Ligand code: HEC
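Just one chain follows, in the form predicted alone, and it is written as structure tokens.
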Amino acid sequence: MFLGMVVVLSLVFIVVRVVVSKPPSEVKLAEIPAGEYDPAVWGRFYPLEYESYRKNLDMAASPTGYGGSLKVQHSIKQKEILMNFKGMAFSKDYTEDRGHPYAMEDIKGTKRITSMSPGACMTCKTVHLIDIYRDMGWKYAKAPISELFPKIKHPIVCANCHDPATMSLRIVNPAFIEAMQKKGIDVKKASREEMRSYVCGQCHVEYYFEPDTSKLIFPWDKGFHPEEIYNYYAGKPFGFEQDWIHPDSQAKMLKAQHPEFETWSNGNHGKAGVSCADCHMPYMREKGQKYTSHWVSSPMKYAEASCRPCHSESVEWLLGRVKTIQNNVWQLQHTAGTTIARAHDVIKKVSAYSRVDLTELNRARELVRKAQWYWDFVAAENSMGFHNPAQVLNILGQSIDLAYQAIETANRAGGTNF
């Protein structure tokens, strides 16, 4: 009898706990006007999401030692940057990325742009792209960025990714919509799980500006792999041939941006259907309520929520695994970068010879261009290889080989031994 009562009471206790802790089946939607972009206003209705978004204001190193949100110059640790980006703005200012709330502050403060830089530079920095593109179409891309700044009040906020009326995920970057259309994908018909990556992929990508118009274009016609994108650029799309000419080697160089979406897409997590948000914006619980964290940071800061739903290993083991991958990638990245820097210098020295073989010298320039593209595709990507270790280690190995080929070819062109 006593045992039976204990069992009954235990069952009642469990049922009560489940009912009390179970999150509501539907989130009550707030009446937020279409043009309301202030995240604090949205936060009145979605306080848990807003408080987690505010954590993006915190600046700290990454738990793995790579990345993080401290505003430090990459060239302090990677001296090769000063040579490899010589002659263009990234040699002057190349700081670690900070959180979304700092997007506009950082673009206004960087030495990489001037008041006359094209308006396309602010595409992924502000929610006001919605209004600017609605009013100007692609003409905004060529307008001086200083003319657009007065129209901008907020950086990247809730409305960049959410429809205020339905809270559904949405895409506001027209360049992403057009690039996906070329691939036969209508983002308006995408599933919610697909959108949990698309909203990130609309900005965390490689891109270039169309000559003359400065229209933003994603180079995906041939695929997402760095070699496929390199081959796309080799076709001089819309007359685009290079981002700049290196003053030492005179090679026509390409500057990779931040190809997280492309790298992730070909990686294990991307192929398995694990979305960006699954790892960087995991589901959390507070006082029995389930919500999506909007603290977009390293998953290792909240590994229990981001990794453990799929992985049974301990958080300590997972952190160690990530560190091992990133350490290995860093070593090859640094080797590639320094070898490329040497290649630029050798080509410069050989080109000073009067009896140099120009055909071979130009081949050396093409080799260093491709070597640097492969290196930069990794260096500019924000996971230090974790999004796709197999691909990243492979292309870094190719980068090192191409850089040595550039050195050998240049020496052959001049009959030298630099």
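The first residue of the shown sequence is 1; numbering continues from there. Keep in mind that what you see is a predicted model, and the values were worked out from it rather than measured.
Note that the form predicted together with ligand HEC isn't included here; everything after this is about it.
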{"item": "Answer range among 294-302, 174-182, 140-148, 230-238 for contact with ligand HEC, defined in the predicted complex as heavy atoms within 4.5 Å", "value": "294-302"}
{"item": "Proximity of Trp373 to ligand HEC in the predicted complex, heavy atoms at 4.5 Å", "value": "no"}
{"item": "In the predicted complex, Tyr353 touching ligand HEC (heavy atom, 4.5 Å)", "value": "no"}
{"item": "Proximity of Arg365 to ligand HEC in the predicted complex, heavy atoms at 4.5 Å", "value": "no"}
{"item": "Gly99, heavy atom within 4.5 angstroms of ligand HEC in the predicted complex", "value": "yes"}
{"item": "All of Gln202, Ser306 and Pro389 with a heavy atom within 4.5 Å of ligand HEC in the predicted complex", "value": "yes"}
{"item": "Among the candidates His128, His162, His246, Lys255, the residue which, in the predicted complex, approaches ligand HEC to within 4.5 Å (heavy atoms)", "value": "His162"}
{"item": "In the predicted complex, the residue from Val187, Leu332, Ile325, Ile81 that sits within 4.5 Å of ligand HEC by heavy atoms", "value": "Ile325"}
{"item": "Residues within 4.5 Å of ligand HEC in the predicted complex, restricted to 134-160 and counted by heavy atom", "value": "Ile156, Val157, Cys158, Asn160"}
